[in-house]
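Take a look at this single chain, the form predicted on its own, given in C-alpha cells.
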C-alpha cells in the first residue's frame, strides 16, 4: 500500500495547478477532482456498432473477454483533463471516453506508470461540433499492446498528439474513423525507440464520409540497436468526395545497427479527392552535426540537440507544463 501511495503521489506531480484529473489503478478510477465535469461508470459501455460496423481484431476480442472491468468516462462540460494510468497487476485494460457535443476539451492520457505486460483498449467517441485537443504519452517498461480508436461525428475538430518512449517491445494500433461530414483531423505521432528491441506502429485513418480532412505526421527515432516499424494506411471510401488526406513520415537512425521501416499506403476509391503521402528515413545530417561540433559541442550533445529540435512540435506550448518537463527530462 505504501508503494502504491508513493506512485500515486508521483503521478500527481504531473498535474498542473487548477487542472482536473483522474488516476486509474489497474483499470479502476481511484482518485479524481473532476466529478462536476466527468461521470465515471463501470460496465456501461458504448455500442460502437451503432456508428460503425466492423470486425474486431483478435487483440480487441481478447481484451473484451479478459478485462475485469470496462470503464466509461463521460465528459459533459468544457474541461482541461489529465488521465493517468498506474498499473502493475492487471494484464487487460478496457475503457472508453465519451465526449459530449459542442464542447471544448483539452485531454491528456498518460501511461507512465505501467510496469507489467499490458494489453490496453481505448475507444473514444467525439460527438458533433466539439473541438478536442488530445495528447498521449506512453512510457511502458513491460511489453505492451495498445489499440486506440477514435470515432468522430460531424463538424468535429480533433488535434491529436502522441509520444512513444517505451523501454520494451510494444505494438501500437491507432485508428481514426471519420464517420460524418466536415471533420478536421490533425495528428502528430512521435516514436522514440531506444529499447534495443522491436516496436511496431500501425497508424490508420478512414475517411468514411464526404468533406473530411486529415493531416498525419509521424516523427521516428531509433537508437541502441532498435527496430521501429511504422505502417501508415490512409483510406478514402467510394462515395466520399472532396476529402483531403495527407500523411508524412520522417525518421532518424542514430546508430549503425538500428533500423526504421516506413510503409505508407493510400487506398483511394473516389476520384474527387486530394491525397498525398511521403516518407524519408536516414541518419542525422552530417553537415548539421559538424556545424554544431564546430561551435564547441560534443558529438553526443549535438545529436541530442538535433533530436530535441526534431521532436519539438510535440512540445509546442507545452514544454513548461509539469508533464512536458517530465518528458523532456526522460528523453534527454
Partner chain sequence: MRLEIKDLHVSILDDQSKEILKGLSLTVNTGEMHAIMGPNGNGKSTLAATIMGNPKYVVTSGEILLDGKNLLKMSVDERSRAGIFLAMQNPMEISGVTNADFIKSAMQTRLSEGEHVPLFKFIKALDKSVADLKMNPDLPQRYINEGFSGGEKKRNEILQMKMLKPHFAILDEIDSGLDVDALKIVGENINNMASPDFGSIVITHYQRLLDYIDVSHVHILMDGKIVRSGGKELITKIDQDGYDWLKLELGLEDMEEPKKAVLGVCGAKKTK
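Residue numbers count along the first chain shown, from 1. Computed from a predicted structure; not experimentally measured.
Not pictured, yet referred to below: the form predicted in complex with its partner chain.
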**Request:** Find the only residue in 294, 43, 49, 55 having a heavy atom within 4.5 Å of its partner chain in the predicted complex.
**Result:** 294
**Request:** Only one of 285, 39, 272, 64 comes within 4.5 Å of its partner chain in the predicted complex by heavy atoms, so just point that one out.
**Result:** 285
**Asked** Okay, which stretch from 23 to 31, 65 to 73, 297 to 305, 272 to 280 lines its partner chain in the predicted complex, with non-hydrogen atoms inside 4.5 Å?
**Response** 297 to 305
**Asked** Are 290, 309 and 312 jointly within 4.5 Å of its partner chain in the predicted complex, each by at least one heavy atom?
**Response** yes
